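Listed next as C-alpha coordinates is one chain, alone, in the form predicted on its own.
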(Lines give C-alpha, C1' and ligand atoms only; values in the text may rest on other atoms or scores of the structure.)
Protein backbone atom coordinates (compact mmCIF):
# COMPACT_ATOMS: atom_id res chain seq x y z
CA UNK A 1 0.00 0.00 0.00
CA UNK A 2 1.52 3.30 -1.13
CA UNK A 3 0.30 5.20 1.94
CA UNK A 4 2.12 2.77 4.27
CA UNK A 5 5.40 3.33 2.38
CA UNK A 6 4.88 7.09 2.61
CA UNK A 7 4.14 6.85 6.33
CA UNK A 8 7.38 4.94 6.94
CA UNK A 9 9.37 7.40 4.84
CA UNK A 10 8.02 10.39 6.75
CA UNK A 11 8.46 8.61 10.08
CA UNK A 12 12.16 8.05 9.35
CA UNK A 13 12.64 11.77 8.73
CA UNK A 14 10.88 12.60 12.01
CA UNK A 15 13.11 10.11 13.81
CA UNK A 16 16.22 11.73 12.32
CA UNK A 17 15.22 15.14 13.69
CA UNK A 18 14.32 13.54 17.00
CA UNK A 19 17.72 11.85 17.10
CA UNK A 20 19.49 15.20 16.82
CA UNK A 21 17.33 16.74 19.54
CA UNK A 22 17.89 13.74 21.80
CA UNK A 23 21.65 13.89 21.36
CA UNK A 24 21.60 17.56 22.28
CA UNK A 25 19.46 16.73 25.30
CA UNK A 26 21.95 14.09 26.46
CA UNK A 27 24.76 16.59 26.08
CA UNK A 28 22.80 19.22 28.02
CA UNK A 29 22.38 16.88 30.95
CA UNK A 30 25.92 15.52 31.10
CA UNK A 31 28.69 17.84 29.92
CA UNK A 32 27.56 20.91 27.98
CA UNK A 33 29.23 24.11 29.28
CA UNK A 34 26.86 26.32 31.23
CA UNK A 35 27.46 29.31 29.00
CA UNK A 36 26.14 27.41 25.99
CA UNK A 37 22.53 27.07 27.08
CA UNK A 38 21.08 30.33 25.78
CA UNK A 39 22.45 29.83 22.26
CA UNK A 40 21.63 26.13 22.46
CA UNK A 41 17.99 26.90 23.26
CA UNK A 42 17.79 29.14 20.18
CA UNK A 43 19.25 26.50 17.87
CA UNK A 44 17.19 23.68 19.30
CA UNK A 45 14.15 25.90 18.96
CA UNK A 46 14.81 26.06 15.21
CA UNK A 47 15.13 22.28 14.96
CA UNK A 48 12.02 21.79 17.10
CA UNK A 49 10.18 24.07 14.69
CA UNK A 50 11.30 21.99 11.72
CA UNK A 51 10.19 18.82 13.47
CA UNK A 52 6.86 20.44 14.27
CA UNK A 53 6.41 21.16 10.56
CA UNK A 54 7.09 17.52 9.72
CA UNK A 55 4.75 16.26 12.42
CA UNK A 56 1.87 18.51 11.39
CA UNK A 57 2.26 18.84 7.62
CA UNK A 58 -0.80 18.35 5.43
CA UNK A 59 0.97 15.46 3.74
CA UNK A 60 1.56 13.68 7.03
CA UNK A 61 -2.01 14.32 8.14
CA UNK A 62 -3.32 12.91 4.88
CA UNK A 63 -1.22 9.76 5.29
CA UNK A 64 -2.09 9.10 8.96
CA UNK A 65 -5.77 9.96 8.74
CA UNK A 66 -6.01 8.21 5.39
CA UNK A 67 -4.60 5.00 6.83
CA UNK A 68 -6.83 5.31 9.87
CA UNK A 69 -9.86 5.34 7.58
CA UNK A 70 -8.62 2.02 6.18
CA UNK A 71 -7.89 0.68 9.67
CA UNK A 72 -9.58 -2.69 9.15
CA UNK A 73 -7.53 -3.32 6.00
CA UNK A 74 -4.24 -2.97 7.87
CA UNK A 75 -2.22 -5.73 9.56
CA UNK A 76 -2.10 -5.78 13.37
CA UNK A 77 1.29 -4.04 13.67
CA UNK A 78 0.39 -1.26 11.26
CA UNK A 79 -2.91 -0.80 13.06
CA UNK A 80 -1.04 -0.29 16.32
CA UNK A 81 1.35 2.17 14.69
CA UNK A 82 -1.40 4.22 13.09
CA UNK A 83 -3.49 4.22 16.26
CA UNK A 84 -0.57 5.69 18.23
CA UNK A 85 0.40 8.08 15.43
CA UNK A 86 -3.16 9.39 15.20
CA UNK A 87 -3.37 9.85 18.96
CA UNK A 88 -0.24 12.03 18.89
CA UNK A 89 -1.28 13.84 15.72
CA UNK A 90 -4.72 14.68 17.11
CA UNK A 91 -2.94 16.60 19.86
CA UNK A 92 -0.04 18.32 18.14
CA UNK A 93 -2.03 19.76 15.22
CA UNK A 94 -4.06 21.75 17.74
CA UNK A 95 -0.97 23.62 18.99
CA UNK A 96 0.15 26.80 17.17
CA UNK A 97 3.72 26.41 15.88
CA UNK A 98 5.02 29.60 17.52
CA UNK A 99 3.80 28.41 20.92
CA UNK A 100 5.30 24.96 20.41
CA UNK A 101 8.70 26.50 19.59
CA UNK A 102 8.47 28.96 22.47
CA UNK A 103 7.62 26.14 24.86
CA UNK A 104 10.60 24.07 23.71
CA UNK A 105 12.95 27.03 24.17
CA UNK A 106 11.56 27.44 27.67
CA UNK A 107 12.10 23.75 28.46
CA UNK A 108 15.65 23.83 27.09
CA UNK A 109 16.49 26.69 29.46
CA UNK A 110 14.48 25.69 32.51
CA UNK A 111 16.48 22.68 33.62
CA UNK A 112 19.54 24.86 34.14
CA UNK A 113 17.41 27.39 36.03
CA UNK A 114 16.10 24.55 38.20
CA UNK A 115 19.62 23.22 38.86
CA UNK A 116 20.75 26.64 40.06
CA UNK A 117 17.61 27.16 42.14
CA UNK A 118 18.07 23.77 43.77
CA UNK A 119 21.76 24.40 44.46
CA UNK A 120 20.95 27.80 46.00
CA UNK A 121 17.77 26.76 47.83
CA UNK A 122 15.89 29.48 45.97
CA UNK A 123 12.39 28.49 44.81
CA UNK A 124 11.65 32.03 43.69
CA UNK A 125 14.45 31.80 41.13
CA UNK A 126 12.61 28.87 39.48
CA UNK A 127 9.03 29.93 40.18
CA UNK A 128 8.67 32.12 37.08
CA UNK A 129 9.83 29.37 34.73
CA UNK A 130 7.62 26.81 36.43
CA UNK A 131 4.59 29.10 36.18
CA UNK A 132 5.20 29.44 32.43
CA UNK A 133 5.61 25.67 31.99
CA UNK A 134 2.37 24.98 33.88
CA UNK A 135 0.55 27.67 31.89
CA UNK A 136 1.77 26.20 28.59
CA UNK A 137 0.78 22.69 29.69
CA UNK A 138 -2.73 23.80 30.65
CA UNK A 139 -3.09 25.72 27.41
CA UNK A 140 -1.95 22.76 25.31
CA UNK A 141 -4.34 20.38 27.06
CA UNK A 142 -7.12 22.87 26.44
CA UNK A 143 -6.19 23.00 22.75
CA UNK A 144 -6.56 19.22 22.52
CA UNK A 145 -10.32 19.55 23.16
CA UNK A 146 -10.41 16.16 24.85
CA UNK A 147 -13.57 15.74 26.90
CA UNK A 148 -11.83 14.77 30.11
CA UNK A 149 -10.11 16.24 33.16
CA UNK A 150 -6.83 17.94 32.14
CA UNK A 151 -4.83 15.78 34.53
CA UNK A 152 -6.30 12.59 33.06
CA UNK A 153 -4.98 13.70 29.66
CA UNK A 154 -1.49 14.12 31.14
CA UNK A 155 -1.61 10.81 33.03
CA UNK A 156 -2.63 8.93 29.89
CA UNK A 157 0.35 10.41 28.08
CA UNK A 158 2.73 8.41 30.29
CA UNK A 159 0.61 5.33 30.97
CA UNK A 160 -1.93 4.40 28.34
CA UNK A 161 -5.39 3.98 29.82
CA UNK A 162 -4.56 5.24 33.31
CA UNK A 163 -6.59 8.05 34.86
CA UNK A 164 -7.20 9.60 38.26
CA UNK A 165 -9.87 6.96 38.89
CA UNK A 166 -7.37 4.07 38.57
CA UNK A 167 -4.62 5.91 40.41
CA UNK A 168 -6.97 6.97 43.21
CA UNK A 169 -7.98 3.34 43.69
CA UNK A 170 -4.33 2.28 43.74
CA UNK A 171 -3.18 4.95 46.16
CA UNK A 172 -6.21 4.44 48.40
CA UNK A 173 -5.24 0.76 48.63
CA UNK A 174 -1.74 1.80 49.66
CA UNK A 175 -3.15 4.21 52.24
CA UNK A 176 -5.34 1.49 53.75
CA UNK A 177 -2.98 -1.49 53.60
CA UNK A 178 0.55 -0.08 53.45
CA UNK A 179 0.65 3.21 55.35
CA UNK A 180 -0.28 1.60 58.74
CA UNK A 181 2.44 -1.01 58.16
CA UNK A 182 4.98 1.70 57.33
CA UNK A 183 4.14 3.50 60.57
CA UNK A 184 4.51 0.23 62.47
CA UNK A 185 7.97 -0.31 60.99
CA UNK A 186 9.04 3.29 61.59
CA UNK A 187 7.97 2.96 65.24
CA UNK A 188 9.51 -0.48 65.77
CA UNK A 189 12.54 0.92 67.57
CA UNK A 190 14.86 -1.46 65.72
CA UNK A 191 18.46 -0.31 66.21
CA UNK A 192 20.81 -0.75 63.26
CA UNK A 193 24.58 -0.60 63.02
CA UNK A 194 24.38 1.98 60.26
CA UNK A 195 27.00 4.64 60.96
CA UNK A 196 28.91 3.39 57.93
CA UNK A 197 26.17 4.65 55.59
CA UNK A 198 27.26 8.30 55.91
CA UNK A 199 31.01 7.67 56.03
CA UNK A 200 33.25 9.32 53.43
CA UNK A 201 33.38 7.39 50.16
CA UNK A 202 35.59 9.04 47.50
CA UNK A 203 33.83 9.73 44.23
CA UNK A 204 36.37 7.92 42.03
CA UNK A 205 36.09 4.77 44.13
CA UNK A 206 32.31 4.89 43.88
CA UNK A 207 32.66 5.17 40.14
CA UNK A 208 34.83 2.05 40.16
CA UNK A 209 32.04 0.07 41.81
CA UNK A 210 29.40 1.53 39.48
CA UNK A 211 31.49 0.34 36.52
CA UNK A 212 31.65 -3.09 38.16
CA UNK A 213 27.84 -3.14 38.43
CA UNK A 214 27.50 -2.53 34.70
CA UNK A 215 29.11 -5.89 34.02
CA UNK A 216 27.32 -7.65 36.88
CA UNK A 217 23.97 -6.78 35.29
CA UNK A 218 25.26 -7.83 31.85
CA UNK A 219 24.81 -4.44 30.20
CA UNK A 220 26.10 -4.35 26.62
CA UNK A 221 28.87 -1.73 26.66
CA UNK A 222 29.11 -1.78 22.85
CA UNK A 223 25.60 -0.35 22.71
CA UNK A 224 25.67 1.97 25.68
CA UNK A 225 27.61 3.88 28.31
CA UNK A 226 27.36 5.56 31.72
CA UNK A 227 28.07 9.14 32.76
CA UNK A 228 27.28 11.44 35.66
CA UNK A 229 24.44 13.96 36.04
CA UNK A 230 22.71 16.03 38.72
CA UNK A 231 19.64 13.82 38.44
CA UNK A 232 20.15 10.20 37.25
CA UNK A 233 18.34 9.25 34.05
CA UNK A 234 18.34 6.86 31.08
CA UNK A 235 18.46 8.06 27.48
CA UNK A 236 18.08 6.22 24.20
CA UNK A 237 17.27 6.70 20.55
CA UNK A 238 17.24 3.03 19.57
CA UNK A 239 18.23 -0.36 20.94
CA UNK A 240 21.90 0.02 19.99
CA UNK A 241 22.44 3.40 21.67
CA UNK A 242 21.29 3.33 25.28
CA UNK A 243 22.97 5.59 27.84
CA UNK A 244 22.38 6.26 31.50
CA UNK A 245 23.78 8.30 34.35
CA UNK A 246 24.27 8.07 38.08
CA UNK A 247 25.44 10.59 40.65
CA UNK A 248 28.08 10.43 43.35
CA UNK A 249 27.53 11.78 46.86
CA UNK A 250 30.66 11.25 48.91
CA UNK A 251 28.72 11.15 52.18
CA UNK A 252 26.08 8.73 50.85
CA UNK A 253 27.48 5.94 48.70
CA UNK A 254 24.10 4.21 48.36
CA UNK A 255 22.99 7.04 46.06
CA UNK A 256 25.38 6.03 43.28
CA UNK A 257 24.88 2.29 43.79
CA UNK A 258 21.11 2.23 43.63
CA UNK A 259 20.80 5.00 41.06
CA UNK A 260 23.14 2.99 38.82
CA UNK A 261 21.21 -0.27 39.32
CA UNK A 262 17.89 1.55 38.81
CA UNK A 263 19.02 3.16 35.57
CA UNK A 264 20.61 -0.10 34.42
CA UNK A 265 17.13 -1.61 34.71
CA UNK A 266 15.76 1.03 32.34
CA UNK A 267 18.75 0.62 30.04
CA UNK A 268 18.51 -3.16 29.93
CA UNK A 269 14.87 -2.89 28.88
CA UNK A 270 15.80 -0.59 26.00
CA UNK A 271 18.77 -2.69 24.89
CA UNK A 272 16.66 -5.85 24.80
CA UNK A 273 13.89 -4.47 22.60
CA UNK A 274 13.84 -6.24 19.24
CA UNK A 275 15.65 -3.95 16.72
CA UNK A 276 12.82 -4.57 14.26
CA UNK A 277 10.85 -1.89 16.11
CA UNK A 278 13.57 0.79 15.76
CA UNK A 279 12.19 2.21 12.51
CA UNK A 280 8.56 1.99 13.55
CA UNK A 281 6.18 3.98 15.73
CA UNK A 282 6.41 1.14 18.26
CA UNK A 283 10.04 1.58 19.32
CA UNK A 284 11.08 2.06 22.93
CA UNK A 285 9.44 0.80 26.10
CA UNK A 286 5.68 0.56 25.98
CA UNK A 287 4.97 2.92 28.90
CA UNK A 288 6.65 4.63 31.82
CA UNK A 289 4.88 2.31 34.28
CA UNK A 290 6.34 -0.78 32.62
CA UNK A 291 9.68 1.01 32.32
CA UNK A 292 9.68 1.81 36.03
CA UNK A 293 8.72 -1.79 36.78
CA UNK A 294 12.00 -2.86 35.24
CA UNK A 295 14.16 -0.27 36.98
CA UNK A 296 12.52 -0.95 40.34
CA UNK A 297 12.79 -4.70 39.80
CA UNK A 298 16.55 -4.48 39.35
CA UNK A 299 17.03 -1.86 42.04
CA UNK A 300 14.92 -3.40 44.80
CA UNK A 301 14.16 -7.03 44.12
CA UNK A 302 17.66 -7.84 42.89
CA UNK A 303 19.85 -4.99 44.16
CA UNK A 304 18.56 -4.89 47.74
CA UNK A 305 18.44 -8.67 48.20
CA UNK A 306 20.66 -10.55 50.62
CA UNK A 307 21.70 -12.92 47.82
CA UNK A 308 23.00 -10.04 45.71
CA UNK A 309 25.21 -8.73 48.49
CA UNK A 310 26.46 -12.18 49.46
CA UNK A 311 28.14 -12.13 46.06
CA UNK A 312 29.11 -8.48 45.64
CA UNK A 313 29.78 -7.16 49.14
CA UNK A 314 33.34 -8.59 49.06
CA UNK A 315 34.07 -6.45 45.99
CA UNK A 316 32.69 -3.36 47.69
CA UNK A 317 34.83 -4.07 50.79
CA UNK A 318 37.84 -4.48 48.52
CA UNK A 319 37.23 -0.98 47.12
CA UNK A 320 36.42 0.57 50.53
CA UNK A 321 38.45 -1.50 53.03
CA UNK A 322 38.65 1.16 55.75
CA UNK A 323 35.06 2.34 55.63
CA UNK A 324 33.63 -1.20 55.73
CA UNK A 325 36.22 -3.11 57.75
CA UNK A 326 33.94 -3.50 60.79
CA UNK A 327 30.69 -3.85 58.86
CA UNK A 328 29.31 -7.39 58.60
CA UNK A 329 27.31 -8.63 55.64
CA UNK A 330 24.19 -8.69 57.82
CA UNK A 331 24.77 -5.09 58.94
CA UNK A 332 25.30 -4.01 55.36
CA UNK A 333 22.19 -5.82 54.13
CA UNK A 334 20.10 -4.20 56.85
CA UNK A 335 21.71 -0.87 55.98
CA UNK A 336 20.69 -1.02 52.33
CA UNK A 337 17.16 -1.82 53.49
CA UNK A 338 17.04 0.75 56.26
CA UNK A 339 13.57 2.25 56.63
CA UNK A 340 13.29 5.86 57.69
CA UNK A 341 11.18 8.90 56.99
CA UNK A 342 13.44 10.81 54.62
CA UNK A 343 13.14 13.99 52.61
CA UNK A 344 14.57 13.03 49.21
CA UNK A 345 12.65 10.67 46.93
CA UNK A 346 15.63 9.29 45.01
CA UNK A 347 17.31 8.35 48.29
CA UNK A 348 14.14 6.94 49.85
CA UNK A 349 13.99 3.33 51.00
CA UNK A 350 11.89 0.76 49.20
CA UNK A 351 9.11 0.75 51.80
CA UNK A 352 8.43 4.48 52.10
CA UNK A 353 9.14 5.29 48.44
CA UNK A 354 5.53 5.23 47.25
CA UNK A 355 4.55 7.74 49.93
CA UNK A 356 6.82 10.24 48.18
CA UNK A 357 4.97 9.53 44.95
CA UNK A 358 1.56 9.99 46.59
CA UNK A 359 2.67 13.48 47.67
CA UNK A 360 3.60 14.46 44.11
CA UNK A 361 0.47 12.88 42.63
CA UNK A 362 -1.82 14.79 44.96
CA UNK A 363 0.01 18.07 44.32
CA UNK A 364 -0.17 17.66 40.53
CA UNK A 365 -3.83 16.69 40.81
CA UNK A 366 -4.57 19.92 42.66
CA UNK A 367 -2.41 21.99 40.33
CA UNK A 368 -4.29 20.86 37.22
CA UNK A 369 -7.64 21.10 38.96
CA UNK A 370 -6.84 24.80 39.58
CA UNK A 371 -7.06 24.26 43.32
CA UNK A 372 -3.57 25.63 43.98
CA UNK A 373 -1.05 27.93 42.30
CA UNK A 374 2.65 27.43 41.66
CA UNK A 375 3.50 29.93 44.40
CA UNK A 376 1.67 27.67 46.89
CA UNK A 377 3.73 24.56 46.11
CA UNK A 378 6.50 24.86 48.74
CA UNK A 379 3.99 25.19 51.57
CA UNK A 380 1.72 22.41 50.29
CA UNK A 381 4.72 20.15 49.71
CA UNK A 382 5.86 20.57 53.31
CA UNK A 383 2.35 19.98 54.66
CA UNK A 384 2.06 16.70 52.77
CA UNK A 385 5.51 15.56 53.91
CA UNK A 386 4.31 16.01 57.48
CA UNK A 387 1.02 14.24 56.71
CA UNK A 388 2.55 11.14 55.08
CA UNK A 389 6.05 10.91 56.53
CA UNK A 390 5.87 12.94 59.72
CA UNK A 391 8.79 15.17 58.78
CA UNK A 392 9.02 18.72 57.42
CA UNK A 393 11.76 19.83 55.00
CA UNK A 394 13.97 22.57 56.40
CA UNK A 395 14.44 24.10 52.95
CA UNK A 396 13.13 23.89 49.39
CA UNK A 397 16.20 22.05 48.09
CA UNK A 398 15.17 18.96 50.05
CA UNK A 399 11.52 19.81 49.45
CA UNK A 400 9.76 21.12 46.37
CA UNK A 401 12.93 21.67 44.33
CA UNK A 402 14.36 18.17 44.62
CA UNK A 403 13.00 16.65 41.37
CA UNK A 404 13.90 17.55 37.80
CA UNK A 405 10.59 16.47 36.22
CA UNK A 406 8.61 19.71 36.41
CA UNK A 407 11.47 21.70 34.89
CA UNK A 408 11.05 19.65 31.68
CA UNK A 409 7.24 19.67 31.72
CA UNK A 410 6.77 16.06 32.80
CA UNK A 411 3.44 16.36 34.62
CA UNK A 412 1.69 13.02 35.03
CA UNK A 413 4.95 11.04 35.12
CA UNK A 414 5.40 10.67 38.90
CA UNK A 415 2.54 8.20 39.52
CA UNK A 416 4.23 5.71 37.18
CA UNK A 417 7.05 5.29 39.73
CA UNK A 418 4.68 3.81 42.29
CA UNK A 419 2.73 1.94 39.62
CA UNK A 420 5.99 0.51 38.28
CA UNK A 421 6.99 -0.70 41.75
CA UNK A 422 3.67 -2.55 41.99
CA UNK A 423 4.01 -3.95 38.46
CA UNK A 424 7.50 -5.19 39.41
CA UNK A 425 6.09 -7.16 42.35
CA UNK A 426 3.44 -8.76 40.13
CA UNK A 427 6.11 -9.73 37.57
CA UNK A 428 8.34 -11.05 40.37
CA UNK A 429 5.76 -13.51 41.69
CA UNK A 430 5.19 -14.74 38.14
CA UNK A 431 8.92 -15.11 37.47
CA UNK A 432 9.28 -17.17 40.65
CA UNK A 433 7.13 -19.86 39.03
CA UNK A 434 9.73 -20.27 36.27
CA UNK A 435 13.03 -19.39 37.94
CA UNK A 436 14.74 -19.81 41.29
CA UNK A 437 15.57 -16.12 41.42
CA UNK A 438 17.52 -16.22 44.67
CA UNK A 439 19.81 -19.02 43.46
CA UNK A 440 20.35 -17.28 40.12
CA UNK A 441 21.37 -14.07 41.89
CA UNK A 442 23.70 -15.99 44.22
CA UNK A 443 25.29 -17.66 41.20
CA UNK A 444 25.83 -14.20 39.65
CA UNK A 445 23.88 -15.28 36.56
CA UNK A 446 21.79 -12.13 36.12
CA UNK A 447 21.80 -12.78 32.39
CA UNK A 448 19.27 -15.59 33.02
CA UNK A 449 16.87 -13.04 34.54
CA UNK A 450 17.59 -10.62 31.69
CA UNK A 451 16.67 -13.34 29.20
CA UNK A 452 13.37 -14.10 30.95
CA UNK A 453 12.43 -10.42 30.94
CA UNK A 454 13.46 -10.10 27.31
CA UNK A 455 11.30 -13.02 26.28
CA UNK A 456 8.26 -11.96 28.31
CA UNK A 457 8.44 -8.14 28.21
CA UNK A 458 11.39 -6.36 26.64
CA UNK A 459 11.43 -7.69 23.10
CA UNK A 460 7.98 -6.30 22.31
CA UNK A 461 8.90 -2.63 22.71
CA UNK A 462 5.77 -0.56 22.23
CA UNK A 463 3.95 -3.17 20.18
CA UNK A 464 1.85 -4.21 23.18
CA UNK A 465 0.05 -1.94 25.64
CA UNK A 466 1.00 -2.10 29.34
CA UNK A 467 -2.34 -3.71 30.18
CA UNK A 468 -1.86 -6.35 27.48
CA UNK A 469 1.65 -7.15 28.72
CA UNK A 470 0.57 -7.46 32.33
CA UNK A 471 -2.22 -9.92 31.50
CA UNK A 472 -0.10 -11.93 29.05
CA UNK A 473 2.83 -12.24 31.44
CA UNK A 474 1.07 -12.67 34.79
CA UNK A 475 -2.33 -14.03 33.73
CA UNK A 476 -4.28 -11.27 35.45
CA UNK A 477 -4.89 -7.54 35.37
CA UNK A 478 -3.09 -5.12 37.64
CA UNK A 479 -3.31 -6.23 41.25
CA UNK A 480 -1.48 -4.19 43.94
CA UNK A 481 -1.82 -6.99 46.50
CA UNK A 482 1.48 -8.46 45.24
CA UNK A 483 3.29 -5.21 45.98
CA UNK A 484 1.88 -5.01 49.49
CA UNK A 485 2.64 -8.71 50.10
CA UNK A 486 6.24 -8.31 48.92
CA UNK A 487 6.89 -5.34 51.18
CA UNK A 488 5.18 -6.82 54.24
CA UNK A 489 7.01 -10.14 53.88
CA UNK A 490 10.42 -8.53 53.48
CA UNK A 491 10.20 -5.72 56.03
CA UNK A 492 8.20 -7.72 58.53
CA UNK A 493 11.20 -10.09 58.76
CA UNK A 494 13.66 -7.21 59.01
CA UNK A 495 11.82 -5.04 61.53
CA UNK A 496 8.96 -6.79 63.33
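For clarity, every value in this text was computed on a predicted model and none was experimentally measured. Residue numbers count along the first chain shown, from 1.
This next part talks about the form predicted in complex with another copy of the chain, which is not shown.
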Quick check on residue 432: any heavy atom within 4.5 Å of another copy of the chain in the predicted bound form? no
Are any of the heavy atoms in residue 241 no more than 4.5 Å from a heavy atom of another copy of the chain in the predicted bound form? yes
Is residue 438 part of the interface with another copy of the chain in the predicted bound form - any heavy atom within 4.5 Å? no
Applying a 4.5 Å heavy atom distance criterion, does residue 445 contact another copy of the chain in the predicted bound form? no
Of 451 to 459, 46 to 54, 61 to 69, 464 to 472, which is the one stretch near another copy of the chain in the predicted bound form, taking non-hydrogen atoms within 4.5 angstroms as near? 46 to 54
Among the candidates 211, 383, 376, 279, the residue which, in the predicted bound form, approaches another copy of the chain to within 4.5 Å (heavy atoms): 279
Which residues from 97 to 112 come close to another copy of the chain in the predicted bound form, meaning a heavy atom within 4.5 Å? none
